[in-house]
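As a starting point, one isolated chain is supplied in structure tokens, in the form predicted alone.
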């Protein structure tokens, strides 16, 4: 018994050491966001320093990050809603009518690196004069978000009892009403999980925004470049901006952690 308790304590200590080691870059980022440039460059002031909020005030007053936050929200919510609009019916059709070809197409779109589509997207949107518009960013983010949502939801729809849908059809419901009024409400955990993960992906996306966005639609990950110049890097402002970008994702992950884990686990078991 004593040996088991000792082993348990050793494992706990090792686990905390591993967590601390992997958390150090995040901790350094938070601490640096409250330091001046001189404090960041001084090893003696790594943990003990006089904190300042000037970096955060500069982020909003000098670099107008409210505009970039708004752009990121519009693109993340727009691409997630568009992905749900197309992905949910596609997932239901694949699950119920065994559309293997459509499933394979979505799987290929999910597996292929997103950078493969970057040049075709740029040429297409340039021809259509859609560069630096929300439409271009939302469509490009849907390319990854829609297959992701569809593949999460296929296992949910596949596991729903057919008897419920058959009973509704016998009672006079159309297939559309069965899908909207019966299938979607009972699939709430899966839909919320897929939506949250899609929003997080879009919020963090850098590559598509770097090429397809302009000054009007620049999103947060791209706006971080404002702190990097040819001759200097504003580390304090850069870390403050990184904290602002990370905060919504962290809050969503902590608040919806149980919901996301249970949703993914339910989908995995049902699949």
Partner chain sequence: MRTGWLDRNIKWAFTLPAVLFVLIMMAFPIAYTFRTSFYNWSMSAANPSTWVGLDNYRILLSEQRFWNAVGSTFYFTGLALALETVLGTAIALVLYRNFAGKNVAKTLFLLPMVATPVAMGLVWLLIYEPSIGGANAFLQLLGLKPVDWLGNPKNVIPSLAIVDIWQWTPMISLIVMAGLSTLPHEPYEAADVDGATGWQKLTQITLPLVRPTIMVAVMLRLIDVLKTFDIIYSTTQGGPGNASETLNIYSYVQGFQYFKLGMASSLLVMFFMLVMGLTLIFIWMRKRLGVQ
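Predicted model only: the values in this text are computed from it and were never measured. Positions refer to the first chain, counted from 1.
Not pictured, yet referred to below: the form predicted in complex with its partner chain.
Asker: So in the model of the complex, are 86, 139 and 245 all sitting within 4.5 Å of its partner chain, heavy atoms only?
Answerer: Each of the three qualifies.
Asker: At 4.5 Å between heavy atoms, is residue 175 in contact with its partner chain in the model of the complex?
Answerer: Residue 175 belongs to the contact set for its partner chain.
Asker: Does residue 34 reach its partner chain in the model of the complex, with heavy atoms at most 4.5 Å apart?
Answerer: Residue 34 lies outside the contact set for its partner chain.
Asker: Can you tell me whether residue 28 touches its partner chain? I mean in the model of the complex, with a 4.5 angstroms heavy atom cut-off.
Answerer: Judged by the heavy-atom cut-off of 4.5 Å, residue 28 is in contact with its partner chain in the model of the complex.
Asker: How about residue 204 - does it come within 4.5 Å of its partner chain in the model of the complex, if we only consider non-hydrogen atoms?
Answerer: Contact check for residue 204: yes, within 4.5 Å of its partner chain in the model of the complex.
Asker: Out of 88-105, which residues reach within 4.5 Å of its partner chain in the model of the complex, heavy atoms considered?
Answerer: Residues within 4.5 Å: 89, 90, 92, 93, 94, 97, 99, 102, 105.
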